[in-house]
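Shown below, as structure tokens, is a lone chain in the form predicted on its own; questions about how it binds or moves come after it.
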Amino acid sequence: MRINKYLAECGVASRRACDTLIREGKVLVNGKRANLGDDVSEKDMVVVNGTEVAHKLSHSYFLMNKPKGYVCTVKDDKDRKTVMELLPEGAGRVYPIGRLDYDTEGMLLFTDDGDLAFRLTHPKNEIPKTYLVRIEGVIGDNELNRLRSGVELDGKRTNKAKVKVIETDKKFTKLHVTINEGKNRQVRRMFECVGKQVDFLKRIRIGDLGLGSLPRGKVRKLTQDEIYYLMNL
């Protein structure tokens, strides 16, 4: 395996950043300075900045643009379609990180890496997630400020949210909403608290990682740089 890929899979840095470490002479293989293009194996001793690194087991990471009408479970007792049906053959035993509602579409990650799944879903990490929201009618400054300041759900006030109107007319309003927690149906319920009905909801970003041009219902593998970004989010 090429040295930069090996280091990236060890969680040292992205491949590009690993190339820089190699050029700077900060990587040793079996006591000798590594060069770009070197191959290494599990039998080699690899040291970065004086610390030995160990190769991790290989994991799989996928990004899906989830369509409406699918549930985020492996099996559904109501016999509804599940997101697992959209994964490509050979994806392995990967599972969705978090959930999107049946009627919500957009960005959904899959992996068999339990550490990353825990990192992205544990409330203490407050990972920001951004949604495209469409509501009926218009929304006033008072309602926007309530959403930004936090509303009460299940007897507890939600964290502050970023809410930005991006398009509006008398019939509908589109907004970008960023939250850093994941209560059940949170975005829809937040708008219900201010008397507004959400008729379209799509997750478009986790942190700064977005869907890009991935078509609805399609899946792709995450790049090494994207994996590294999520691991350090």
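Numbering starts at 1 and runs along the sequence shown. Remember, it's a predicted structure, so these values are computed and weren't measured experimentally.
The discussion below concerns the form predicted in complex with a small molecule, not included here.
The closest heavy atom approach of F110 to the small molecule in the predicted bound form falls outside 4.5 Å.
Taking the partner from the other structure, the small molecule in the predicted bound form has no heavy atom within 4.5 Å of any heavy atom of M84. In the predicted bound form, the small molecule sits within 4.5 Å of a heavy atom of L100.
In the predicted bound form, none of the heavy atoms of V27 sits within 4.5 Å of a heavy atom of the small molecule. Contact with the small molecule in the predicted bound form, judged as any non-hydrogen atom within 4.5 angstroms, is confined among 204-212, 185-193, 169-177, 35-43 to 185-193.
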